[in-house]
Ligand code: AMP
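Next up: a single chain in structure tokens, the form predicted on its own.
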């Protein structure tokens, strides 16, 4: 299976598999390369490099950086970033700290809805990883209030849902600026999945244009949860703005999210992306 899966998660954030598991599986699948892109952290870099040593697998080390626009989450994939760039390190640390406080507030929302989960159980499910919404979803499933992670997200945790809690985050434009300043390459993640408060899907093209002015290099138009219409729309947006079109599985390693290698980016696109990197 040729190509690069440029979007995967591990237990370093909200995934169910280790970075080493992901690397071994990518090698077994015959992938050309693997994106290591846990949420708001670079913690998996060393383990990924150690596991990939001696193999033909090329790693694309990065992070999925959380931003927000008009109360809606917008995520940027930052590839080849300098993990020691202090402004980015500080922002990622703040985001991870904020996740814990936000999780406590979400637990309170579920309790108000009559769903008896506890923060202690959510923290136990997260283990050493930063607490994320999948851990909250797992706690809800244990109570019998939902049967799957997707159901919890759709019914409760989606933007504007009854258990949704806003987070403090930088704007998407600022996120692009930070990733580029860290010698990285910024790609807009799964744009078709962002729900807007005006009821429209996706994010405004005007916002994408603002991100392009800040240095955005690509759009993840191909994603397992995109509809064919999403893929066509954002491929057209990318081409129209002179951006690269990327693909990634958004693998989290559990249930319907166990899909490493399900969407891959050709090597020639990865090489063009690399040329966006500023020294």
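Just so it is clear, the model here is predicted, and its values are computed rather than measured. Positions refer to the first chain, counted from 1.
This protein has a second form, the form predicted in complex with ligand AMP, left out of what is shown; the following refers to that one.
- Comment: ligand AMP is not present in this chain, but in the model of the complex one of 85, 194, 80, 153 has a heavy atom within 4.5 Å of it, namely 153.
- Among the residues 167, 174, 121, 104, the one placing a heavy atom within 4.5 Å of ligand AMP in the model of the complex is 167.
- Contact check for 25, 60 and 259: none of the three has a heavy atom within 4.5 Å of ligand AMP in the model of the complex.
- Among residues of the shown chain, residue 146 is not one whose heavy atoms approach ligand AMP to within 4.5 Å in the model of the complex.
- Contact annotation: residue 226 falls outside 4.5 Å of ligand AMP in the model of the complex, judged by heavy atom distances.
- Put simply, residue 205 is far from ligand AMP in the model of the complex: not one heavy atom of it is within 4.5 Å.
- Though the partner is left out of this view, residue 158 does reach within 4.5 Å of ligand AMP in the model of the complex, counting heavy atoms only.
- Considering ligand AMP in the model of the complex, the lone stretch of 113 to 121, 90 to 98, 132 to 140, 175 to 183 in range is 132 to 140 [heavy atom distance within 4.5 Å].
- The single residue of 233 to 256 lying near ligand AMP in the model of the complex is 252, the criterion being any heavy atom within 4.5 Å.
- A decrease of at least 3 Å in the separation of the C-alpha atoms of residue 258 and residue 189 is found in the model of the complex, compared with the displayed form.
- Here's the thing about residue 230 and residue 258: their CA atoms end up at least 3 Å closer in the model of the complex than they are in this form.
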